[in-house]
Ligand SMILES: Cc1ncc(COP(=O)(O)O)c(C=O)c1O
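In the block that follows, a single chain appears as structure tokens, in the form predicted on its own.
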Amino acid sequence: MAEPLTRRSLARLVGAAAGVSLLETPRLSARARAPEAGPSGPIRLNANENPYGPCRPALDALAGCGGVASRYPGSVIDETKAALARLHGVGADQIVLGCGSSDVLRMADSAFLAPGMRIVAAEPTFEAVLGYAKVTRAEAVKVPLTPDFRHDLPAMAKACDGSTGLVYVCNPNNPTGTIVSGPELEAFVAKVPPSCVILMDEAYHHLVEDPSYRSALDVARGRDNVVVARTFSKIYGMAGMRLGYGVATAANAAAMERCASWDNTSQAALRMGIASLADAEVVPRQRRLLNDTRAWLYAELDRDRRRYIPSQANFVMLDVGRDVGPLGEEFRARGILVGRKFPSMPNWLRVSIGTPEQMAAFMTALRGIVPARAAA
């Protein structure tokens, strides 16, 4: 039986996190190691960033980039594509690199949408893909979530017709942290018209613990109309370096690359990405740190009898019982940044998972701003 999450277990989490931080970042000063803490700035729980940062091999790769800073990425692009192709068991011509996975989403919009076409997405979900679609003058069709805050895949499939160029599924979804299961995804892929590209955003893939989850890379392998976007921003802690990628058929990858900015990656980001992929411990280590702290947060929210959405990502949405909009400034006054308001869920606050110390500070602030009886 798992040990119950208590203040003592939180203290152990704090110690473990501190140990990782010291081991992982020997080349960085204390200020660079934790830029969100203390006098250098507020606690950042607003952007779903990884507070532990890159692994040590990635930092070593970054430290060695001074001599190539004057050079374009060149052959390192091919090295990175080859490493990702080996990881996913595909050809290098099926990999598209981007300046973060949001750049990959933009390329998909540019490649597969045009004026008069439609894009189908959940409401709410990550807004970038819909924002980029406006540039192509495509029509956005938003499908509300189910009562349990999950993608309504049957309704989304029904909304796809001959004019639909893209259907976007964020799995796990941002901001709810909920997933669609492997069987649900398989049924969905079979119902969507072959002419419509299914854009699967798996930015939070590595944090999922639900055994029913399956990546679209497995479910839809061999299908011509599926594009999967991944990122180094979350589990690999490289949000500031901006490196993402897409996996697609060779034809779709080529169509997306035609919409890419010239040299849209950097020597440093690519070398850090290669080093991260070679570190077999980084994913399980980061997942354990983040998900253990998420479990501690659940226990504290349960203790207060607060309503929240169980998440499979590095953030949690909780019902604060009133409009989230004004709360941002109240948290900021206490040195904490929290997530933005999502108009279709105005009473739900999204908070990213930080270090154990940061989450303890968040709970103290939450109890002061929104007492448990007010949120119940």
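In case it trips you up, residue 1 is the first one in the sequence shown, and so on. None of the values given here were measured: they were computed from a predicted structure.
Although not depicted, the form predicted together with the ligand is the subject of the following passage.
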- Residues 100, 204 and 233 all lining the ligand in the predicted bound form, heavy atom within 4.5 Å: yes
- Message: Looking at heavy atoms inside 4.5 Å, which stretch does the ligand contact in the predicted bound form, given the options 275-283, 211-219, 85-93, 234-242?
- Response: 234-242
- Query: Do residue 119 and the ligand share at least one heavy atom pair within 4.5 Å in the predicted bound form?
  - Reply: no
- Item | residue 199, heavy atom within 4.5 angstroms of the ligand in the predicted bound form | no
- Message: I'd like to know whether residue 188 contacts the ligand in the predicted bound form, with contact meaning heavy atoms within 4.5 angstroms.
- Response: no
- Task: Considering only heavy atoms, tell me if residue 174 and the ligand come within 4.5 Å of each other in the predicted bound form.
- Result: yes
- The single option of 170, 167, 227, 107 touching the ligand in the predicted bound form, heavy atom within 4.5 Å: 170
